[in-house]
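Take a look at this single chain in structure tokens; it is the form predicted on its own.
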Amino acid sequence: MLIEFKNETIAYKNKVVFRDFSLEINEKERVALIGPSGAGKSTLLRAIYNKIAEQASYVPQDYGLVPQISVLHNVYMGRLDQHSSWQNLRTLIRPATEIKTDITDLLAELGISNMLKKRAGELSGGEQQRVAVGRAIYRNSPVMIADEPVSAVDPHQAHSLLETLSSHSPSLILSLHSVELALSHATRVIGLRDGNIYFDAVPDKISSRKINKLFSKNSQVNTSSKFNIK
């Protein structure tokens, strides 16, 4: 088992979001959290990360980039704690060829290899999001935790980005706004609402009725039949 919550209380800024909460997640699962705004997806992801931080990479919703430094250095930050202060300083001044090559190859997978030397603050929101994903992948952890990691890219790029995340991380736990993406890329989908798990199932077992009820108070979420929910 990778993660276990057993009758736990999970809070955010001193406000209880989940009470008597229980959940188990196994290794090598691809878990997607979905639900209306305010359902607690980000809070649960942070709680999961806090339990397994030493073996996990994390993509925050706000990206957490340093805008004044290059894309290369922002991605390299994923491994800052894995190297000595001397090597980190050397990389800031003159990155080794091997580091530049590894990061360039990773950025190519993400479709932004030509932005290696650009400052992160000069990039669009979608480009910054891919840099944040690249930093998390570069950390090379067995578990990837990501909070809305494709919210700023178009649907085609979103599918590609999720495939890249899955290919680099045996275990993937993420929140998604898009029901279609969750059903397409996850092996397990957890619907959250009002501080509770509304459903927890493999995609093929989630009915359109359950999806509609989960989002019934969120008129901005499209839960039409185009999601091909059985």
Partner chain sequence: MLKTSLILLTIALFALLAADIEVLTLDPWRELGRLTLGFFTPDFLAVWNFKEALLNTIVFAFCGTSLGILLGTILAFKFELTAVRLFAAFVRSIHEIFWVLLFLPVFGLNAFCGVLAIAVPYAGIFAKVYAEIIQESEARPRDLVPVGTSGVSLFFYAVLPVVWNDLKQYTAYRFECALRSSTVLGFIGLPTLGFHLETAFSEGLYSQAGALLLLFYLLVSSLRWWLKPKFVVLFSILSWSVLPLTTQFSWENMIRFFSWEIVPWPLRRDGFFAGTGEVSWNLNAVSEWFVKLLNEEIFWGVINTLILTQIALVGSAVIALVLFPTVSQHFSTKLLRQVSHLQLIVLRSTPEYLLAYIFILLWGPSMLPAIIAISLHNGAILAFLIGRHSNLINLCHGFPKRRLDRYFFEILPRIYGSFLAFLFYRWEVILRESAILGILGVATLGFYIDSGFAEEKLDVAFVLLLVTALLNLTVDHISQRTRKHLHLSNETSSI
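Positions refer to the first chain, counted from 1. All values derive from a computational prediction rather than experimental measurement.
The next section is about a form of this same protein that is not shown, the form predicted in complex with the partner chain.
Screening 151, 91, 104, 157 for any heavy atom within 4.5 Å of the partner chain in the predicted complex leaves a single hit, 91. Shown without its partner, this chain lists 167, 187, 68, 26 as candidates; in the predicted complex, only 68 has a non-hydrogen atom within 4.5 angstroms of the partner chain. Contact check for residue 77: a heavy atom falls within 4.5 Å of the partner chain in the predicted complex.
Within this chain, residue 202 is remote from the site of the partner chain in the predicted complex, having no heavy atom within 4.5 Å. In the predicted complex, no heavy atom of residue 97 sits within 4.5 Å of the partner chain. For the chain shown alone, residue 198 is not a contact residue for the partner chain in the predicted complex, no non-hydrogen atom being within 4.5 angstroms. Comparing 31-39, 157-165, 178-186, 57-65 against the partner chain in the predicted complex, the single stretch with non-hydrogen atoms within 4.5 angstroms of it is 57-65.
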